[in-house]
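Quick setup: the structure tokens below cover two forms of a single protein chain, split into structure 1 and structure 2.
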Structure 1
Amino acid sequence: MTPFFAFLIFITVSCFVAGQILLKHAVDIMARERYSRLHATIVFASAIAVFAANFFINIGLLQRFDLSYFFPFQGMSVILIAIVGAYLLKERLTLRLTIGSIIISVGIALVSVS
């Protein structure tokens, strides 16, 4: 795999995580008693835009790689969510999250050299 495609895999997984967080944010905004419709629309549209980017880059990557090769990389999304969550919520990464993330990373490394 070239660095360019490794970068694209990172981008597509990041888009997936960003889309999930933005979508949840949009739902949270709309659940408030009073909210700006423009604000909710912008956040929702951003979620759709990054999900669309994730979808099309996925197709582009599937045109080059086996699905069984590419799919395990999606496990990185959990690691990204843990990192983003720890950063935004100012929570420490638990030992369980750290060990699990290391095992996922080793698994992805094994798949990437297969």
Structure 2
Amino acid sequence: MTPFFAFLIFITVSCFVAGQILLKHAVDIMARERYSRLHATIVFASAIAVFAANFFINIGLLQRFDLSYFFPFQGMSVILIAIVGAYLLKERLTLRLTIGSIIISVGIALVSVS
């Protein structure tokens, strides 16, 4: 794999994580008793735009790599979403979530090696 494709894989995983975080943030904004409809719409539209970028980059990468090679990188997004959600959205990282993330990481490593 060339550095360019490694960068594209990093971008697609980052876009997926950013899209999930933005979508959750938009929903949190709308759950408030008083909220700015414009602000919520901008955040929601940003989430859709980031997901669209993720989709098109994924299509390009899937043309180049086998799914069995590419998918373990996508699995890392679950762990990154938990970490970024805890940091940016102030969600709690429980012991159960941390242990689950470690198990997922080990599974991804095992799949990647095979």
Partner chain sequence: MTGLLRRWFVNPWVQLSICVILGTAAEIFLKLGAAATADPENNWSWTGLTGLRSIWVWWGILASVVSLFNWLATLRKLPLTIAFPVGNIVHILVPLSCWIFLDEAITPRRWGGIALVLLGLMIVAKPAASLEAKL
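Everything numeric in this text was worked out from a predicted model, so none of it was measured. Please note that residue numbering is based on structure 1, beginning with 1 at the start of its sequence. Rigid core here is just the name for the largest C-alpha set that superposes within 1.5 Å across the two forms.
- In this comparison the chain labelled structure 2 is the form predicted on its own, and the other chain is not.
- The rigid parts of the chain swing between structures 1 and 2, and the hinge residue from 76, 43, 50, 58 is 76.
- Smaller rigid part rotated by 24 degrees relative to the larger one between structures 1 and 2 (C-alpha superpositions, whole degrees).
- Core-based superposition between structures 1 and 2 puts the Cα shift at residue 96 at 8.9 Å.
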